[in-house]
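The chain below stands alone and is given in structure tokens; this is the form predicted alone.
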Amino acid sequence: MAKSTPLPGKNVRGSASGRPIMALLDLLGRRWTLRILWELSAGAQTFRDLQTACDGASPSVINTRLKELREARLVIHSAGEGYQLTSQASELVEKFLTLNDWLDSWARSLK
């Protein structure tokens, strides 16, 4: 049985609450999802470009993740430009960069 795309309001891995944070964490926790978002944060890319950037990811996994990201409205596809982040996904990437500052501090505190 194929996994469905985790979306707010639905049961997701580890939670039946349907809370948006749980849906997002489920989606982002899937193999290669964060890498695809990161690669697209630099700008639109074709499938082949993404495949090259995500060396080690099979085409079927990349295709599945792109499908999930499109269903979650974090990625769009246009014939002329390829895959690109939506404005909400770009905002999410910016929030990750802020979170990264906290993560660096946390990592230092563990040494």
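A residue's number is simply how far along the shown sequence it sits, counting from 1. None of these values were measured; they are calculated from a predicted model. Only the largest set of C-alpha atoms that superpose within 1.5 Å between the two forms is called the rigid core.
There is another form of this protein, the form predicted together with another copy of the chain, and it is not shown here; the text below is about that form.
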query = Of the options I76, A72, A44, V61, which one has a non-hydrogen atom that comes within 4.5 Å of another copy of the chain in the predicted complex?
reply = A72
request  = Examine L28 and determine whether its closest non-hydrogen atom to another copy of the chain in the predicted complex is within 4.5 angstroms.
outcome  = yes
key: Contact test in the predicted complex: D49 vs another copy of the chain, heavy atoms, 4.5 Å   = no
query = At the 4.5 Å heavy atom threshold, is L34 in contact with another copy of the chain in the predicted complex?
reply = yes
message = Would you classify S4 as touching another copy of the chain in the predicted complex, given a 4.5 Å non-hydrogen atom cut-off?
response = no
query = Mind listing which residues of 87 to 107 have a heavy atom within 4.5 Å of another copy of the chain in the predicted complex?
reply = Q88, E91, L92, K95, F96, T98, L99, W102, L103, S105, W106, A107
inquiry  = If I superpose the two forms on their rigid core, does the C-alpha of E91 end up displaced by 2 Å or more between the shown form and the other one?
reply    = no
ask   = C-alpha of S17: shift of 2 angstroms or more between the shown form and the other one, rigid core aligned?
value = no
Direction of Cα pair change W102-S15 in the predicted complex, magnitude 3 angstroms or more = farther
request  = Regarding A42 and L103, go with closer or farther for their CA spacing in the predicted complex versus this form, the difference being 3 Å or more.
outcome  = closer
